[in-house]
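Given next, in C-alpha cells, is a single chain: the form predicted on its own.
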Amino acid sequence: MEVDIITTPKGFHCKLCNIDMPNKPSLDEHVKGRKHKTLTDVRATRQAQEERSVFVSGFQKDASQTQLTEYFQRFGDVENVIFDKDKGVYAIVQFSEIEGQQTALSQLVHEINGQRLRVKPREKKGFKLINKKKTDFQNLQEVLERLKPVLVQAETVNEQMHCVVERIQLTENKKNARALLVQLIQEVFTEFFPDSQIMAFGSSVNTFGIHSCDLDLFLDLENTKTFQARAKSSTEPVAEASSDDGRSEDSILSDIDLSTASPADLLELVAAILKKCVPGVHKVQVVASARLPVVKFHYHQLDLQGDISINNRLAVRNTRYLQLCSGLDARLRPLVYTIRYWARQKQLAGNVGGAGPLLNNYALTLLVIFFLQNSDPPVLPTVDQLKAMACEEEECVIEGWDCTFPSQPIAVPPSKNEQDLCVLLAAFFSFYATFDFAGSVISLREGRALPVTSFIGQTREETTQEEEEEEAMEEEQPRQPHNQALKLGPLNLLDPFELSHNVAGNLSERSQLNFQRECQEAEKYCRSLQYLRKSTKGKPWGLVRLFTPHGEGPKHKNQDGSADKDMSISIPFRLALLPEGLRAQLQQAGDDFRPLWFQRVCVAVVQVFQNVLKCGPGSLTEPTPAGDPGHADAAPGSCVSMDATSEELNTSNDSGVAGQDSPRSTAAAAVGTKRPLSSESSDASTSPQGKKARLGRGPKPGAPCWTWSQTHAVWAGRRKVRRELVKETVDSRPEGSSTALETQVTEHILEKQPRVKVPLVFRVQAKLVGATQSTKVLLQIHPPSEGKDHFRDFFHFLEVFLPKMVDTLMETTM
C-alpha cells in the first residue's frame, strides 16, 4: 500500500490526488492511472530539485541572474536560477547534481562584488495538489461580479457586447509593452543569428487579444541560413564574413550548421539564449512533445507568459487571416469576445497550461467565422472566395498549402447582412445547437460542413512509391502534405489553410456534448424577454444572465420523482470504433452514410437484447394510449414484435445491409423505404384502405420498433457475477467490452436467480437523428404499466450498458 493511500470507512482515499475510491479494484485502477503517475513523477522531480538547490540572499538589488549563475558555477553545473525581487532580495540556485549544492554549502563565506551573501539549504515544502478547476471557477465568478454592474446599466445587448470588448481586450499600453519586449528579444537574437527575425503572432496581434493572453513568437531563421551558407562558400576567412548591415558572423554559427541541425537542437539553443541573455526572462522550458515544439518562458516585469517556435510559419499567416476578417466586418470582434467570455464562464474553454480537452480561443474564433460564412446573407466570405479576390502579387504557398487571400479589406466587397449584434449572437447559439458535429467536418475554406466519411483513409501511407519518389526529386519545391491523416474526433474543425490539421482535435466527447448543450440552453434563453429587455429594477438581464454559470441541468423526472414516461438512450456516431470494412462502405455512401450506419446499429441493438440480455418476444395486452408506437393508428408494419424482426436484423449479407431482401425487414425500413401496401401485417379495422395514418400518433415508416420481455433481473448483482467469472477465465476486460463474457454473465443470472414476479414487457423504438443535429440513434424506451420500479432500475442499467455493447458489436462483428 502506498503512503499516499489511507483507508476510510467508505473505502480508500488518495491524499496525493484528493480522490475517494469505494473498493480495492477502483483503487488499483487509480494507482495505475495517468493522473496518479503524473503527480507522483512531478512530486519526485520537485523533491529532487529541492535536494540540489540552495537559498541565496544578501546580494545587491542590481545583481543579475547572470552574475549569480557565474559565481555558483564554480561549485558545480548550475541548472537554473529563480530570481525573485518582489518578496525580498533572494534567489534559488538549482544545481544539476547534489554534489554542487553540498560543495556550495561547505564554503562558509560567499561574496559577489564585495557584498557578502547568505547561503543556506533550500526549505523543503510538502507537495500539495491545487484544484485549479475550482480556483479558475472562483476567478471567473470574481470577474463577472466586477463586470456585472456595467452590463446591467447598459441600454441594449449591443452596448453590453461592446462593454465586454472594452473591459477584457488587450489595452494599447500592454500592446506597446509587448512590442518593446519583442524588440528586446529581436536585438538579442540578432547577435547570435544574423538577419533572423522575431515575429509575433496569435492573440497579441490578431485583434482578439485579452489582457492575460500569452505572447506567441516565431523565430524565422531562413535569412540566417542564407547568410551562413554565403559565409561558408566565401573565399574569405569565415571570421571576416559579414552580413549586409556590417555585422560579423558570431561564433555560435561556427558551432552549429542551421541547414542540418535538428529542431530539438535549435530549441535547446534558443532556450539557452533566452535564459542567459534576455534580462527578466526566467522559467525557460523546452516543450518538445507539443504538435509544434516550442520554448516557453516567463517575463518577470510584465508577468507575461510567452513561447518561441521555429517551425510555425503557418500560424503567422493564420494571424494575418484573422486580422483581415476583423477588418472586413466590425461585428466580428464583439461577437468573438462575447462568445469567448461565455465559453470561459461555462467552462467550455480555458485549458490549463495550454493543453486539455476544452476548446481553445483559436477554435472558438473559427467557429464564429464559420457561422458568419453561413449566415443569410453571409457576413464573411469563404477562404476560397477570398483567394479569388487576391491579385497575383498576393499569392502565398506555405509548406505546400495555398494561403492566398487579399492583404487589405478594401479588396473585399462589403457584406449585405445588416443584422444587429444581439441577433447574430442568438443565431450563433441556434446554429450550433442543432449542428451535426459527429457526422461533419467544418471547412472554412469551402464555407460548408463536409461529410466525415469523405475523410476516412486519408493517411500518408496511401501515397504510392512513385509519388514519394517524385516528391523526393523536387527538392526545391515544398512537400505537399495533403495526404497527411486528419485527426477525427467529436468536433472536426479544419484549419483554414493546413487542411490536415483539426483545430479542435484535442476536444473530448464530453466537452463537445457540453458545448452543444450550452448552445441549446443559450438559444432558449435568447428567445426570452430577459435577453432583450433591460430590467427596470436593476436586475440581471441580457448578457449577465447568459454569462452566469449554472449547475447540471435538471434531471428529466416526473413529479413523483420517477423516471420519465418516455425514456430514451442515445447511441452516438463514433467513426473511430467502426471496423475497416464498414468504414469503407460508409465512405462510398458519401453524404448518405447515415442510413447505412443506422441499419448496423439496429442489428446490434437486437443482438444485445436477444443474445446478450436474453430478452424474449413480448406481447402487450394492456390498453395503449394514443401516440404510443403500439397504437391502432400506427402505420402498418412500422412497429413489430421481436419475433418478427430479430432474425431479419441478424441476417447480414456480404454488402453489410441487414435483411435487405425481406419486405418486412425493419432495418430496411430504417433506410427510408416506403411502407408496404400489402395487408400482410396490417389490420383493415385499424387502417382502412385509402385512409392515411395520422401524423404524430405512431412511429413514422422507417422507424423500427420491437417489443421485448425480460423475466429475470439481469441488472442486479451483475458486477459481482462478472468478477467471479473473470477469476475463472483469462478475460479481464471491462464491462461491455466482451460479448461472450456479458452473455455468460446473463446466463449465470438466469440460472441462479429467480424470475421477477411480473415479466417486464416493454417497447423499444429506434429513430435516426442527424443532418441538422448531432448524428445518433435515439432509442425511445416505452415502459410497461406494471413493474415500474423494477423497470426503472433496468433502464438505468441500459443507459450505460447498451451503448457500450453496441459499440463493441459494431467494432468486432459488423
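The first residue of the sequence shown is number 1, and the count goes up from there. Please read these numbers as outputs of a predicted model, since none were measured by experiment.
Just so it is clear, the following notes concern the form predicted in complex with uridine 5'-triphosphate, a form of the same protein that is not shown.
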{"property": "Answer range among 158-166, 497-505, 280-288, 326-334 for contact with uridine 5'-triphosphate, defined in the predicted bound form as heavy atoms within 4.5 Å", "result": "497-505"}
{"property": "Contact residue in the predicted bound form, from 101, 206, 338, 492 (heavy atom within 4.5 Å of uridine 5'-triphosphate)", "result": "206"}
{"property": "Among the candidates 319, 710, 228, 453, the residue which, in the predicted bound form, approaches uridine 5'-triphosphate to within 4.5 Å (heavy atoms)", "result": "319"}
{"property": "Non-hydrogen atom contact residue 742 with uridine 5'-triphosphate in the predicted bound form at 4.5 angstroms", "result": "no"}
{"property": "Contact flag, residue 202 vs uridine 5'-triphosphate in the predicted bound form, heavy atom cut 4.5 Å", "result": "yes"}
{"property": "Any non-hydrogen atom of residue 422 within 4.5 angstroms of uridine 5'-triphosphate in the predicted bound form", "result": "no"}
{"property": "is_contact(residue 214, uridine 5'-triphosphate) in the predicted bound form, heavy atom dist at most 4.5 Å", "result": "yes"}
